[in-house]
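Next comes just one chain, in structure tokens: the form predicted alone.
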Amino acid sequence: MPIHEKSLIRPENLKTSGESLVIDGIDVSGHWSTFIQSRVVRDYDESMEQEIAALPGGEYIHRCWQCGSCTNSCTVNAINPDFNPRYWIYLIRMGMKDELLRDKDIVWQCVSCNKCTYACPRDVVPEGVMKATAHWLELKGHTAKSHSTVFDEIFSGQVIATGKIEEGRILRGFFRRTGQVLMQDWVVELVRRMIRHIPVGLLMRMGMANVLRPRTRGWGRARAALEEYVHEQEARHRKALGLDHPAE
């Protein structure tokens, strides 16, 4: 699985001569002896691919043959060339953990547009691999929980607890846990439009739901089943990653 793009060579690995050189009146200093510094990788983590494959979304990473269709179709790559799913899949399969960790702060930027998944000729499901990789980074303690993970926890926690979705409570909980102020401009505008366009009776019921926190009738058994399933899945994922203690 060769990687040839010049853009994937780390800047610090490009070495140029500091001598001055002028040829036919043209200053070519620093370019005539540019070379790529050789490196020796000693930190191969052969378990990394298996660990990511054990997480939801990463199951088919082994199918990748490095055609580049995912990166070529990627919405985020068009804006940020450093966001490169194909390269990260290559690093994962090669076990080059330190190289992957250098990009740990941008892996989570995947917007789940699924263009990569539609373009992939091998059904690798690159979007799923990006999510599994971001999850792996969090579980291994390499990154803090992303905002999307926090939102997922708040959303699923409310559904499991009550069997209902109360948008206001979800929004408040998300802002509180991510350190954001509630009265943001777009939130104020959203409330104004709701007041103008939503019937008063419905607004009152929505307000009461935020205060009383109603539950779906007979939800107890369903809640217990969901909680058991979530616990089993979390335990399975942590066992696959060799983590003995619950996530913080």
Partner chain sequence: MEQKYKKVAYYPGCALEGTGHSYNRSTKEVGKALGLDLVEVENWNCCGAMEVKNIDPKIQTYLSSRVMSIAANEMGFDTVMAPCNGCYHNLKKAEYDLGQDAETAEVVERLSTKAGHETYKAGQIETIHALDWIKDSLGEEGIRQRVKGGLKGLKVANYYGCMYTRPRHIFPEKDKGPGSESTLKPHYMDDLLAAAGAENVDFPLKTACCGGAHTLSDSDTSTRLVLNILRAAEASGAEVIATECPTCHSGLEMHQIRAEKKLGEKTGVKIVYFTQLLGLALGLGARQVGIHENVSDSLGFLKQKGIA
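Positions refer to the first chain, counted from 1. All values reported here derive from a predicted model rather than from experimental measurement. Here the rigid core means the biggest group of C-alpha atoms that line up within 1.5 Å when the two forms are laid on top of each other.
Keep in mind that the form predicted together with the partner chain is not shown, yet the notes after this line are about it.
**Q** Taking the partner chain as it sits in the predicted bound form, is Asp152 near enough to touch it, meaning that at least one heavy atom pair lies within 4.5 angstroms?
**A** Flag for Asp152 set to yes.
**Q** Hey, in the predicted bound form, does Ala144 get a heavy atom within 4.5 angstroms of the partner chain?
**A** Looking in the predicted bound form, residue contacts with the partner chain do not include Ala144, since no heavy atom lies within 4.5 Å.
**Q** Taking 4.5 angstroms as the cut-off for heavy atoms, does Glu46 touch the partner chain in the predicted bound form?
**A** Judged by the heavy-atom cut-off of 4.5 Å, Glu46 is well away from the partner chain in the predicted bound form.
**Q** Hey, in the predicted bound form, does Gly95 get a heavy atom within 4.5 angstroms of the partner chain?
**A** Taking the distances in the predicted bound form, the answer for Gly95 is no, it never comes within 4.5 Å of the partner chain.
**Q** With the partner chain taken in the predicted bound form, which residues across 121-136 come within 4.5 angstroms through any non-hydrogen atom?
**A** The stretch 121-136, when checked against the partner chain in the predicted bound form, contributes Glu127, Lys131, His135 at the 4.5 Å heavy-atom cut-off.
**Q** Does the distance between the two CA positions of Trp219 reach 2 Å or more between the shown form and the other one, the core being superposed?
**A** True for Trp219: a C-alpha shift of 2 Å or more.
**Q** Align on the rigid core first; then say whether the Cα of Ala53 has moved by at least 2 Å between the shown form and the other one.
**A** No, shifts by less than 2 Å.
**Q** Do you see a C-alpha shift of 2 Å or more at His142 between the shown form and the other one, with the core held fixed?
**A** It does not reach a 2 Å shift.
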